[in-house]
Ligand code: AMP
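Quick heads-up: it's one chain on its own, the form predicted on its own, in structure tokens.
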Amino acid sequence: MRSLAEEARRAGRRLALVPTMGALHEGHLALVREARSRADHVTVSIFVNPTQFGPGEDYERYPRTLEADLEALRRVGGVDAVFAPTVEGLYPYGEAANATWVTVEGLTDGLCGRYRPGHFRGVTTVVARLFNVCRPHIACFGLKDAQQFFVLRRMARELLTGVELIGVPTVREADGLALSSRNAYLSPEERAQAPVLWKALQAAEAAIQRGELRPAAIVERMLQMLATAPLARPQYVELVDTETLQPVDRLEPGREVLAALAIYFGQTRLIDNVIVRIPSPTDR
């Protein structure tokens, strides 16, 4: 993979990487299209990374559909290479004995990081290795995982990787549910109620656009909307600054905030978010 990437670089081509864990859906394919629009050599990595799963999480049952993924990439077109390494390939000593980690402090303390200890350390470590092997100029990530995007962007900048991270808007079903490989775990009844995540985020955005500046009131509005779905069990519902990913005390016009939530339906954990710019009085 590295030899292929270096050859493309010597030929003057601009390289893009789309890191995935497979089980590809339209959201992933949107990343591929974005990568192709910004580069002339696109690599898609497919790797279910063990170090970002905690005890009791779904590493063993996470869908692995390599042949179907390859066919989806053939249909969408524009992919020059697929990098599908083994665990031993990216963790030469095995993941249990791995001694070298990439850690981003602060940004990983809240939101998903609070409930998934070690998750982001696994994400940043594997993405740093993918950057080293695939040698991209740019890398495309979905903004559905907004905390992941902000953490990885900070890592790429602070490690001077030279890789530009591109955040691609969330792709949604017609009813608003964000596309996710884990949606397949939902029962029909759970799937029918799952769009409440997007409805709660829309309620938060509408409140902000109307001039609500109290974060607690906006979070309460989201919780009220979530309460309309009996099967939804919130893990967190928060409003944070997009730079620090820390909760905000008051909304300042001109700044951006991230309304984010994690909701359980049975054993299935879904996340979603929306980035909102706080309007000034003259904007309304």
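This one's a predicted model, so the numbers in the text were calculated from it and none came from an experiment. Note that residue numbering begins at 1 and tracks the sequence as displayed.
Absent from the display: the form predicted together with ligand AMP. The rest refers to it.
- The shortest heavy atom separation between residue 21 and ligand AMP in the predicted complex is within 4.5 Å.
- Taking the partner from elsewhere, residue 27 is found to have a heavy atom lying within 4.5 Å of ligand AMP in the predicted complex.
- By the criterion of a heavy atom within 4.5 Å, residue 193 is excluded from the residues contacting ligand AMP in the predicted complex.
- Under a 4.5 angstroms non-hydrogen atom cutoff, ligand AMP in the predicted complex lacks residue 130 among its neighbouring residues.
- The stretch that touches ligand AMP in the predicted complex, counting heavy atoms within 4.5 Å, is 164-172, out of 72-80, 92-100, 203-211, 164-172.
- Residue-level contacts in the predicted complex: of 258, 232, 237, 31, one residue has a heavy atom within 4.5 Å of ligand AMP, and it is 31.
- Residue-level contacts in the predicted complex: of 87, 179, 84, 159, one residue has a heavy atom within 4.5 Å of ligand AMP, and it is 179.
- Taking ligand AMP as it sits in the predicted complex, the stretch 145-162 comes within 4.5 angstroms of it through a non-hydrogen atom at 145, 148.
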